[in-house]
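Single chain ahead, by itself, as structure tokens, in the form predicted on its own.
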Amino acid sequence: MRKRLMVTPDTVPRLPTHVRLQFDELRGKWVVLAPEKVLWPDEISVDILKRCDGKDPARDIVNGLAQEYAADRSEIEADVIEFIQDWSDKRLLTCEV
């Protein structure tokens, strides 16, 4: 049985090797390709996923998004952590602590 990782601001997310984020030229949208799955994330999800590079912790992702969107970091931190947690639970993100 797989142990569930609990995402924190120190968690470093990345796309696993079996998941790809790419731009679909035909549709003009970003797509996430995974085995037996095709996902069409919204603009903010794409911005989060682009920052999941395996180098930056969730805290830095939140700071970057807060700056880019001129938003209060405390307002978006819970949403970003929840997004990373959800995608990690679905094995669409790999996370290290």
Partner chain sequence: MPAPGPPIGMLAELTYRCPLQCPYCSNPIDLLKANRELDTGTWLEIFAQAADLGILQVHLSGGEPTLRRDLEDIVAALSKRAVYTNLITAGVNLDGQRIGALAAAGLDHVQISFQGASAEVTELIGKYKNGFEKKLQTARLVREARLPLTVNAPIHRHNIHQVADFIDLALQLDADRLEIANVQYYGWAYLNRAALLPALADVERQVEIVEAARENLKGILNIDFVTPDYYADYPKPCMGGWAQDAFVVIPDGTMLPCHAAQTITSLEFDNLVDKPLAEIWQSSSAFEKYRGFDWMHEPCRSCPRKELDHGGCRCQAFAVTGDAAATDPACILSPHHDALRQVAEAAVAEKSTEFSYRRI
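In this text the structure is predicted, and so the values were computed from the model without any measurement. Residue numbers count along the first chain shown, from 1.
Omitted from view is the form predicted in complex with its partner chain, to which the following refers.
- Put simply, S88 is close to its partner chain in the model of the complex: some heavy atom of it is within 4.5 Å.
- Put simply, V31 is close to its partner chain in the model of the complex: some heavy atom of it is within 4.5 Å.
- In the model of the complex, its partner chain lies farther than 4.5 Å from every heavy atom of K55.
- Within this chain, A70 is remote from the site of its partner chain in the model of the complex, having no heavy atom within 4.5 Å.
- Residues from 19-42 that approach its partner chain in the model of the complex with a non-hydrogen atom closer than or equal to 4.5 Å are R20, Q22, D24, L26, R27, V31, L33, A34, P35, E36, K37, V38, W40, in the order they occur in the chain.
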